[in-house]
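Only one chain is included here, represented as structure tokens and corresponding to the form predicted alone.
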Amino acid sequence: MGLEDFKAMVHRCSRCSYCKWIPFAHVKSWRFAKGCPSIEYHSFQSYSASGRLCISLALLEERISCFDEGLPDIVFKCMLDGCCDVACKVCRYDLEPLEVMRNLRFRLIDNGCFPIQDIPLIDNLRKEDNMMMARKADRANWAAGLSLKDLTTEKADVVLHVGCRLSFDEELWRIPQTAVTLLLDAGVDVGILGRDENCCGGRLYDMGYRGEFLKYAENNIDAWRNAGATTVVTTCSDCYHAFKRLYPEELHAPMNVLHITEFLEQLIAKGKIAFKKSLPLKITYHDPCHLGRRGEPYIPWEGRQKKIRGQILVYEPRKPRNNGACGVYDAPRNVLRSIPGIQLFEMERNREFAWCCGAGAGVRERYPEFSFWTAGERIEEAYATGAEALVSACPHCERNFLDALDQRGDSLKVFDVLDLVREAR
């Protein structure tokens, strides 16, 4: 599909501004009532979902050009976190604002209009298969000394896909190392692709580079099949979203994909992971956008739309409604609650209505000031719970929180779910 396919949908937007808030029934305070970081940061209509739908219509009707001054800033200064999409679908069933905004990005990128900050990122991607400005040869350094199957020459039931952030961010290497230890101790037949592991492409897709995404997706699927893997487990929420939703949607290649917290939940239930230590810690859990509301599985649909009495739009058969409710929310919380001594306090905006960390869709690399402001808002919400630590299940979220806290001079602790599992064993 292209932007043209969404023209009728763009016309249906009533500009109600519901996309700027979390659903009103879930608002607990004015301070944490907003849902869209972009419009809250800029306070200008064009930076909202409804504003970007207006821009899409203007492009389609050739009233503006991809190269109009200020347009790329409006289009790309958004994490595509999807909170606007969730809020919209509370009261509308016939709009897909997130899909429109992604296709708007595709249109600009296809026309050669992109943020200048992308140049070194894409250059390194094409040379080294990552946007971390690192060497491909160093991708498996995190696994040095671990007895792991090399799936380029061996076969295994489970492939652990670590992802770019955890492969190259040395401060976070403990996360995949812990994942490997837990899986091996539980008797899981697991291996890695090492330096031959590729970028998942999910972030590329959100940034607007659909063609590059497809290349990496095809390579990953081929590598998993060659390794004989029946299950893909990932420690990264961006990778999870790419594998669970984008791969079957774009390439019709369904895989059995689990986030590491889902796998741990299963192992704990089977008694293969047991906790011996108590961790007397007050924590709050941050839902990563790509694991939560954007982590819903892809459900194919073929049908038609029609209007009843020329007015009310309906779909035949009923169309899947991706409103964020079926993302991965319970697994990480169940793992955390199974750890003795842990007290979990929820932030006001949680689950499918969670505020974004600020790192998504290339915003951290393109607009760091905006990215850290967004992270700072979430940190304030975490403080409001009275928690001693902020816990998540996404390395991109954790890195952004760590850097934002360092910039603020704050001392709130940041953990991955795996960190607490390791400490309690």
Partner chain sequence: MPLEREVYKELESVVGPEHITEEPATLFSYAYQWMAELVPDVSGGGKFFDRPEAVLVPGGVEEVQAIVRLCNRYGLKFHVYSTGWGPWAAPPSGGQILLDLRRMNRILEIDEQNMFAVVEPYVVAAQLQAEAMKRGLNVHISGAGAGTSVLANACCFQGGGPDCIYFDSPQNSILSIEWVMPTGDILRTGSLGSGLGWFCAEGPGPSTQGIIRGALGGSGGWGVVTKIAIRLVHWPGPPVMPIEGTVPAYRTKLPADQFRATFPAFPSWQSFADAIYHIYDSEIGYIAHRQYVMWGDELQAAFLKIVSDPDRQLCDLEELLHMPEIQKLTDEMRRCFQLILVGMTPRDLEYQLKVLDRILEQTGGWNVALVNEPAMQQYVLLYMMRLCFKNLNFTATGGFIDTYNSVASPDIWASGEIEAGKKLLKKYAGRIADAGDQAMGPIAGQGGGGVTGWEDFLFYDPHDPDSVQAAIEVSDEGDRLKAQQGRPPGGMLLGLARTTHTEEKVRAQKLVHAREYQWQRKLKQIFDPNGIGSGNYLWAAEPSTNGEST
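Residue numbers count along the first chain shown, from 1. What you are looking at is a predicted structure, and each value in this text was computed from that prediction instead of being measured.
Not pictured, yet referred to below: the form predicted in complex with its partner chain.
At least one heavy atom of residue 58 is located within 4.5 Å of its partner chain in the predicted complex.
Its partner chain is not drawn, but in the predicted complex it has a heavy atom within 4.5 Å of residue 64. In the predicted complex, its partner chain lies farther than 4.5 Å from every heavy atom of residue 247. Though the partner is left out of this view, residue 71 does reach within 4.5 Å of its partner chain in the predicted complex, counting heavy atoms only. Contact here is defined as any heavy atom lying within 4.5 Å of its partner chain in the predicted complex, and by that definition each of 46, 54 and 321 is a contact residue. Proximity to its partner chain in the predicted complex, taken as heavy atoms within 4.5 Å, picks out 46-54 from the listed stretches 386-394, 354-362, 46-54, 372-380. When you look in the predicted complex, the only residue of 146, 269, 90, 274 with a non-hydrogen atom within 4.5 Å of its partner chain is 90. Residues 7, 8, 10, 11, 12, 13, 14, 15, 16, 17, 18, 20, 21 are the ones in 2-22 with at least one heavy atom within 4.5 Å of its partner chain in the predicted complex, listed in sequence order.
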